[in-house]
Structure formats: C-alpha cells, structure tokens
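The chain below stands alone, shown as structure tokens; this is the form predicted on its own.
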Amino acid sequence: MSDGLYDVAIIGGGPAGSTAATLLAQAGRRVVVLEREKFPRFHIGESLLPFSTTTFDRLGVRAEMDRTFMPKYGGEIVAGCGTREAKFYFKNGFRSERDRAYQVTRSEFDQLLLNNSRAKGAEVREETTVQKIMLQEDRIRLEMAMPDGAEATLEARYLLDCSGRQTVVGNFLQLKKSYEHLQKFSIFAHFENVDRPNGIDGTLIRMVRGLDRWFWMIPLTPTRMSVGVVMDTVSFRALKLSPEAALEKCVNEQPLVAERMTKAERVTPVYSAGDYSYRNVRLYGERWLLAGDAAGFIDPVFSSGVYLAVMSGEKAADTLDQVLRDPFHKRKLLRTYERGINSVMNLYVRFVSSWYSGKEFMEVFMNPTDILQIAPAVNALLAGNAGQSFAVRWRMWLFYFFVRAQRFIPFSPRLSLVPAKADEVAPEIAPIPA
C-alpha cells in the first residue's frame, strides 16, 4: 500500500510531534503523524514551564489546559540535610511575563495535544511503527508496520523525527552520543494522599537534593502526586534491588520525603529509566529534521524536557513551512534551526551539569541575594527563559562564577546534604528575592 506525497511525515505523537503537526496543518501543509503506541499511555515529565504557554495559545489548547490541569506557580528546592529550603515563584523571575505553568498527567496532556492535531487537520496513525527509512534526493520513503500487522509505505517531502528516546533517525544514522557525566537512573510512581501545603504552595514542584541523589514530588491533582528519585546508574546497580524496593528504600532514608508520605498509597507500577542523557551530533539533513527528545534529552531536573519538546516542535514546524515556501534558502533555514535548538540545549546542559557537579550549586542557590538580580535571573531560567536575553545570560555567568568560587571560598554556608532525623532540624526557608 502506498499513499500520495505528504509535505511532512512526523515520527512520534508526543508533545514535540503533536505541536509540529498542529502548526503545519494550520499552515495548510499535508502532514501525517506516525505514532507506534496507542494513546493514552503512561509517560513521565509532568511539570511544565511558563514559557510554553505562548505556544499553547498558538495551538489553541490553552483554555482546555486551564480546565484540565493543575496550575504550577513555581517550585521549592530543599537541602537533603534539612537545614535550608528555597522557594521560587515564577512571578518573581527576571522580567517575568507569566506567573504560572501547569502540572500535568502526561497521558491526558499528550492525548489532548494529539487530539488537537487531528482536529486541526493532521492525519494521525497510532500503533504504526516505522521500520525502514530510505533517503532519496527529493523525498523520504518510509516502510511501516500497521496495527493489523500489514506493511505499508509512505512518501513525504520532509521527515520530522519526534520519536523521543527511540530517536529513530539518530540511531539509523548513528548520530546519538551520550553525556558520560550525566548517566543517571530514575525510579518513579504515582501516589495518592501525599501530604502537601494548602494554597499556592501546594502546587509547587518539590525537589529534595541529597548528597548522591535527589527526589521530585510533583502534585498532579488535588490528591495525586508523582514521586521519583534520581541517582547515578552505578549507585542504583550497587543497591541490587528491584525498582519497587529501591524506591521504598530511598524514600524511607530521606525524612524530608518520607514525612509527607505516611498516608500515601501507590496507585501505579514503579517505573524506571536509566542512562537517558544524550544528544544527536546533527539535527538536520537534506530531507530530515530532529525535534524534542529525538534531538536530545538532558535530565529530568528543572523540568526542561517538555519545554524543549514543545519549543523545538514549534520551531521545527515553522522552519519546515518556510523551507517548503522558499526551497532556495533551505540550508540556511535548517542551520538556523539547529543553532537555535543547540543553543538552548547547551544552556540547560550547563545548568544541569552545575547541579550535579557538587554541593556548591546548592550552597549558592540556598543563599539567594538580590544583588545584581542574579536570583531572579536563575528563576527566569527555571521558568524557561532560555537565555535569549543578554540580561539573563550575564547574570547566569555570575551565578556560575559564584558556584565555582564556592569550592575554594565559602561565600555561602556549607551544607552536608546528608539526611538528618526527622525531628533534628527544621529547614530555614529562603525565598528567592523578587
């Protein structure tokens, strides 16, 4: 079976793929989405950033998201030793334009975006697996396995790979490179009845940073919460435990998490993922483009995953639409796309690498100051302001300078990050200055 020529074929119907599909369809392009799974399905990456809101407006899903998902007004980062805690609110970010994002159940969020693509005119084929890619001079040819087991072929002028960690094109062309210093292992599940504060603070993502691991606690609904722990892959292997037993052990060893889970009931399986930080060395070719996790994935810390997926999906759609209108400038347009995505990813790689480099990140972060508005600049990056502003970039340079200098001169109080007994200390709360 063969179909007529599509303008763009998209592998993957997650946030990057559905964002691109909707925008291309709205631009009048013939676009097809090939998704190997059947939605809805469980997925991690549930905490969004405010800078995606403009894209949600453009997609036409903002009102439905407001009705469906919990608002997120910021976050809190807690030292694992229990002595310091810093809360940040998006409204206080440097030149902030948005005061909130969303905490989402990904099965519902991804379904919403994919349904929106269908409604806007994109063709969506679920349970369809791309088995072979043939790069031709003027088109891409794909061989697929259909839900009924039959085989089919499809041709498109351009291919946009949004296949997530499967990174179909990256593996096909052997472009995928791991970040050796970010080889982590995460274990996570959903729980009902986890204790949380009332009001706005009950919407914050909570991150508890220990010496060799960190925890996330993401409120998804008024009663449900996503709870996970991240550690080095070698540390997980050394535990010699199943993911279920490892998650229970880690929670019990950290009072700042355990104290909120005395009434908690796990309502999903315990999931795990390992060695997930990577980057593709090229993001485009003559007839293909990479977006979302198919371009690269850094780390779940700071909730950049969905933000990068939506942002790159939007930019990829705009780039391909321009290429289709103006093929003469194709190479320049594709290079500009690659530079832009790599620039943002580089920013978050540096931020994440600083987080994992030692205790100094936490020591500086937990001692916020309004001098030169460095703290609001860090807040802005946490909100998804990916350094397009020079005013944010130079302040982040100063932040990294203080983190490096903290190794030698303790500008900020030292932290052990080693868990204390639940009744030993009360954390000192240090709100990020406006």
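Numbers for residues come from their place in the sequence shown, where the first is 1. Bear in mind that the values here come from a model prediction, so they are computed numbers and not experimental data.
Unshown form predicted in complex with a small molecule; subsequent notes refer to it.
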{"item": "Interface segment, criterion being heavy atoms within 4.5 Å of the small molecule in the predicted complex, picked from 247 to 255, 215 to 223, 81 to 89, 349 to 357", "value": "215 to 223"}
{"item": "The unique member of 311, 194, 154, 130 whose heavy atoms fall within 4.5 Å of the small molecule in the predicted complex", "value": "130"}
{"item": "Listed residue (165, 282, 263, 325) with a non-hydrogen atom within 4.5 angstroms of the small molecule in the predicted complex", "value": "165"}
{"item": "Any non-hydrogen atom of residue 93 within 4.5 angstroms of the small molecule in the predicted complex", "value": "no"}
{"item": "4.5 Å heavy atom contact, residue 376 and the small molecule in the predicted complex", "value": "no"}
{"item": "Proximity of residue 118 to the small molecule in the predicted complex, heavy atoms at 4.5 Å", "value": "no"}
{"item": "4.5 Å heavy atom contact, residue 24 and the small molecule in the predicted complex", "value": "no"}
{"item": "Site check 44, 273 and 307: each within 4.5 Å of the small molecule in the predicted complex by heavy atom", "value": "yes"}
